[in-house]
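There is one chain below, alone, in structure tokens, taken in the form predicted on its own.
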Amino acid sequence: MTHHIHRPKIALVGSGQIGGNLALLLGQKQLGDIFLLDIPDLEGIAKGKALDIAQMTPIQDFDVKLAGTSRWEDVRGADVVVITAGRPRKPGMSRDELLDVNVKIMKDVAANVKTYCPDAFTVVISNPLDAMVYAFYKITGFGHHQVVGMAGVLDSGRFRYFVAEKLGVSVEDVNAFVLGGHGDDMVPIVPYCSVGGIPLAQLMKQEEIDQIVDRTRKAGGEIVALYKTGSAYYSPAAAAVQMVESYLRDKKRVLPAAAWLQGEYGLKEMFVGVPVIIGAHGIERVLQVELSAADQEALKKSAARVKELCGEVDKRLA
């Protein structure tokens, strides 16, 4: 009697802080076998983190295999690829200044993913986010259902946390989503933020809401300034795990993510944060919601910035 039970294979490209936390969180949820992949110079880090987490599996009772490698051959046929490769931000550095160095890295990564993992659902986390996922998509020629950028889940999580903290309520009861590019002009959509189903505007003064919107936009920078050596890593990893889980378990979660737009919200030929449904077919649908004139305008402004960055990427890929 031979029947093959397939355990998903997850390749994490980049074994830095986000990569390590991804391995831990994906492992704890037992979502699949995990490969941490990095350049030969950092292979020891990838192998060390994999071994360290593997030695924790008997203690925490999770049964997954973990391995570290610098060989793309080892991740051949991965079901999911999460890309964190690239330099993190340093204090005073904008996400855009990372563009040059990270496009070079993405060229190499994308070519390898195309060769070794052509069917993988791919989540890009590298910054500047919207430009990096665009670069990956352009280089691989993958279907737009199988490529997505992680930013909206993280930005919404930050917004939800700040709201819950201010109101003294459980984070579980705060719903929110943030649209637009993953930069300082992202667009938290306040009319769709609710607390236990109650619109936020009924529970908080406008000026308090404005403060939270502002803090959400700058939340990444707030952490960069505190760490001084890099950027956030626990929350971005958790946000990507939520997306990967929705794909592997066909949960069809409604999540904000950077998806390829073809006219939705009046935007075309770019990746930008919008609400999507993630299921077994990847990005199964982009949900179009009605926006106030002000939010529509803010989204347009954010998208214009993304378009500019995509132009920069095109120059570097030419």
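Residue numbers run from 1 along the displayed sequence. All values derive from a computational prediction rather than experimental measurement.
Unshown form predicted in complex with a small molecule; subsequent notes refer to it.
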query: Would Leu37 show up as a contact with the small molecule in the predicted bound form if we use heavy atoms at 4.5 Å?
result: yes
- prompt: Wondering, does Arg89 line up within 4.5 Å of the small molecule in the predicted bound form on heavy atoms?
  reply: yes
query: Is there a non-hydrogen atom of Ser126 within 4.5 angstroms of a non-hydrogen atom of the small molecule in the predicted bound form?
result: yes
- prompt: Heavy atom to heavy atom, is Ala11 within 4.5 Å of the small molecule in the predicted bound form?
  reply: no
field: Whether Val147, Leu248 and Ile283 all lie within 4.5 angstroms of the small molecule in the predicted bound form by heavy atom
entry: no
- request: Heavy atoms, 4.5 Å, the small molecule in the predicted bound form: which of 133-141, 107-115, 207-215, 194-202 makes the cut? Say which one.
  value: 107-115
message: Give me the residue from Val241, Ile189, Leu98, Val75 that has a heavy atom within 4.5 Å of the small molecule in the predicted bound form.
response: Leu98
query: Since exactly one of Leu267, Leu255, Leu42, Ile53 fits, which has a heavy atom within 4.5 Å of the small molecule in the predicted bound form?
result: Leu42
